[in-house]
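Coming up is one lone chain in structure tokens, specifically the form predicted alone.
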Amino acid sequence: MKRLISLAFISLFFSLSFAQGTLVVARAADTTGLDPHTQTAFASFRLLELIYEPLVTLDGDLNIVPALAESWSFNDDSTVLTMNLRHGVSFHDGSAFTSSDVKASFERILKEETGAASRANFTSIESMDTPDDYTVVFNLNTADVPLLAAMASVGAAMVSDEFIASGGDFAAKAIGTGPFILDQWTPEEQTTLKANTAWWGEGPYIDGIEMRVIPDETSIVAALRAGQIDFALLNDPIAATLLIGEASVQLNQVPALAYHVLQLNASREPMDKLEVRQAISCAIDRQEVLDTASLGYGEVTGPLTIPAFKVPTSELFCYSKDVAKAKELLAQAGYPDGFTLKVIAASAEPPTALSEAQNIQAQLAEIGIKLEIESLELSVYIDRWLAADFDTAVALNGGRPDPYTMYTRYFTKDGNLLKVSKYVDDTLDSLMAQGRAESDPAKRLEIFTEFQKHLTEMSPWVWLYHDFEYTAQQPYVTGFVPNPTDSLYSFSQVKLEGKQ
């Protein structure tokens, strides 16, 4: 057995001295599972990032900052990454966090049977050395500049090697190192967390968190106004705009890295034809989708929403609606009279999905494509999505701070979510490999500009827009830092000053 952390009593004393009650949080969608390495739903991330921690994380400006690793360094050619771990960290079961846990965690992520959602981001890891309890050396099979950014995600969370070795059930138990400990989860109703009094950081400053599921976001807004909840996660811009100018409630709004997209299954007829995919792209006025679904709050986007890598949409294929060109492309593909397709859309995440699907349905009808909408409960949608059991899918996909980590899982030959995108070609594969190894920022921009232009021309998906991450809170809630990734990790610093 590992040694127990002896500082637990001291941490308990300070936590009890400064704890300020329970933060009551409302959100529309619930967690779909507890395994940090396999989850893909945003609602799951928002819970799991409070329980589990990665080696590094992102601050509100998307800078990579320490989490379970205090410092790190690459060798000159970016083929060896050395991580120096934080001392005095314990898992929620009291066992010490050491380098053996890091090695076991990444071995689990890389094991295909795990089904880790971010596996493709870490395939450069050839081996790992653990010269002592607080040092991990990642030996890479290629230069991998984005590797560090890939680690800043709950999908790369650290788990206990003892729990792995014992055959622990990650779907039933959540044992992390994070600032909060899972107390109880009643699916689709409520989740309660208690403060981790042995957490390595400063905080938490509250006793715990109560997460309530309220499917209707206008009801969440009403509960916030009535003082029944302290904090709200808002995905629906219509609900969020109800709080604009509200003096008694603070609305937080930051540009999102996540993007709204119409995914086309290129393995199914007739989307296996380039002209058909291009016709669908040319037929859609993306601004109209944005205006309809998100009241215009957002921006039409290409594949990359990262500010440093954005390409003007005027330089991308068919970003101005062109019905005549779309009909011409359909005729070239052998479908002058159109055809029928189905689209899946989740009913809860995002709440704009059905509106997006309906608007796209109306626009595609102009070129003879009949789009049938299947509205699915979130967990059913995710199962269908992961199995690529759809013709097309309206999706909200997570952004990443680096282009490689954002798309390697979808559009490279070894990508673990290639099973979802069903599309890869030699050009994309080559550009991604170049972008992974290149360290010069100007050259990386050139590579990923070409990547975006080729991707939109091949049209495996139709990128629509990105909007904002919205949260709202009572004035007495302090310490929360809004994040472009929608992260709630800063709940560890939240205080309830003056809450009655």
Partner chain sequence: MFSYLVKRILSFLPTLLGVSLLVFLAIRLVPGDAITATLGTEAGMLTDVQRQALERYYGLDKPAWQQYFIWLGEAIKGNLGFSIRHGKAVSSLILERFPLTLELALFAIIIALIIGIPIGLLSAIKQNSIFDIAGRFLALIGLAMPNFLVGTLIIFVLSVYFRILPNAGDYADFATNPLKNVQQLFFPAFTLGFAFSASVMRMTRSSMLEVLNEDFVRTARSKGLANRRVINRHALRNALIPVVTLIGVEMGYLLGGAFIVEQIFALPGLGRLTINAVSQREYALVQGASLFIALNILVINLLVDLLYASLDPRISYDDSN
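Quick caveat, the model's predicted, so the values are computed rather than measured. Positions refer to the first chain, counted from 1. Rigid core: the largest C-alpha set superposing within 1.5 Å between the two forms.
There is another form of the same protein, the form predicted in complex with the partner chain; it is not shown, and what comes next is about it.
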**Item:** Stretch from 77-85, 137-145, 309-317, 187-195 whose residues place a heavy atom within 4.5 Å of the partner chain in the predicted complex
**Value:** 187-195
**Request:** Have a look at Lys422, Arg225, Lys321, Lys103 for me and say which one sits with a heavy atom within 4.5 Å of the partner chain in the predicted complex.
**Result:** Arg225
**Asked** in the predicted complex, which of the listed residues (Leu371, Ile209, Leu417, Ala150) lies with a heavy atom within 4.5 Å of the partner chain?
**Response** Leu417
**Message:** Taking the partner chain in the predicted complex, would Thr40, Arg119 and Glu246 all count as contacting it (heavy atom within 4.5 Å)?
**Reply:** yes
**Request:** Answer yes if any heavy atom of Ala171 is within 4.5 Å of a heavy atom of the partner chain in the predicted complex; otherwise answer no.
**Result:** yes
**Prompt:** in the predicted complex, does Arg400 have a heavy atom within 4.5 Å of the partner chain?
**Reply:** yes
**Prompt:** Using heavy atoms and a 4.5 Å limit, would one call Trp385 a contact residue for the partner chain in the predicted complex?
**Reply:** yes
**Prompt:** Could you tell me if Asp129 has a non-hydrogen atom within 4.5 Å of the partner chain in the predicted complex?
**Reply:** no
**Prompt:** Just checking, between this form and the one not shown and with the core aligned, does Phe106 shift 2 Å or more at the CA?
**Reply:** no
**Prompt:** Quick one: once the rigid core is lined up, does Gly398 have its C-alpha move by 2 Å or more between this form and the one not shown?
**Reply:** yes
